[in-house]
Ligand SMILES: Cc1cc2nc3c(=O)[nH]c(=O)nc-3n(C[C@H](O)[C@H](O)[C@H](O)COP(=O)(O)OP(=O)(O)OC[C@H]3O[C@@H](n4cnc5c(N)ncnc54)[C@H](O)[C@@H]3O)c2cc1C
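Next up: just one chain, as structure tokens, the form predicted alone.
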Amino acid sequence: MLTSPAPVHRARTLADALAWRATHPHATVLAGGTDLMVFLELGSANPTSVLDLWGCTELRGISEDGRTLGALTTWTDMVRHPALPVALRDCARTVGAPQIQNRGTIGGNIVNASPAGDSLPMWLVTDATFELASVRGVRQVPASAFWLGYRKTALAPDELLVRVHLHPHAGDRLHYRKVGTRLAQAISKVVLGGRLRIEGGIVTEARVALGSVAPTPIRAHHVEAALLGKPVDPAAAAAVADDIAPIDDIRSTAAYRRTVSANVIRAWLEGEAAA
């Protein structure tokens, strides 16, 4: 039985949540709770107070054009939204079982800042910006500047993540791949997000991002540089060796992650070269 003596403030509006956050900057924020409940069960979380955002309907939903997602958007919401890129919907399908997809939120996944977070490489390759709000105002932070270290983010103590903004470009090719013990319901060993812009047969823009291979999700800048200015070259995958710093842990080994990272990038690029 999951229990905690911490008092819970159940916000019903964003204004209420921000006002309470301003006076309780050290409170634990609860979105869907799919991570927090596990941490409580393991004894690794011992909150002094909890801010429950689940009732803040302003933070729900995806815009009709798929460019703006509320922080309380669930994985099920993503799977069902026809305007989102297929790769993002594929990503959402890998996050746990249907029960987790119905309750887990993109905001929780982003702010939890696990290097194994299933969605994080996709926000990097789509050049997403995160809208952060407090009683002091609103600011936009690019995904590339949000994760500062292991489970450390650019959020100020009084801020909440409220929206994710995507900046799609017609014709860009997006790709997602998760490698784990199972397709879903397993923490990732390697996560790949990719985006290519190809004009006249030449790669003019490349984004390659990986999770579970460094303290934060990262861009594979060496791979990106190897792709630019030429037709899609699967051999560029080898450059990932200069981009990642995996570790041995209970889920996998560093050697495995290095090999798999190169393999999944190469497989993606081979598919794009043959398209």
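Bear in mind that the values here come from a model prediction, so they are computed numbers and not experimental data. Sequential numbering from 1, following the sequence displayed.
One more form of this protein exists, namely the form predicted together with the ligand; it is left out here, but the text below deals with it.
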Segment that reaches the ligand in the predicted complex - one of 193-201, 78-86, 92-100, 167-175, heavy atoms within 4.5 Å: 92-100
Against the ligand in the predicted complex, would residue 38 count as a contact residue? Criterion: heavy atoms within 4.5 Å. yes
Close approach of residue 34 to the ligand in the predicted complex, 4.5 Å, heavy atom: yes
The ligand contact in the predicted complex: residue 109, any heavy atom under 4.5 Å: yes
Wondering, does residue 128 line up within 4.5 Å of the ligand in the predicted complex on heavy atoms? no
Partner-free chain; cross-checking the ligand in the predicted complex, the single residue of 239, 29, 62, 218 with a heavy atom within 4.5 Å is 29
Contacts with the ligand in the predicted complex - residues in 113-149 whose heavy atoms fall within 4.5 Å: 116, 117, 118
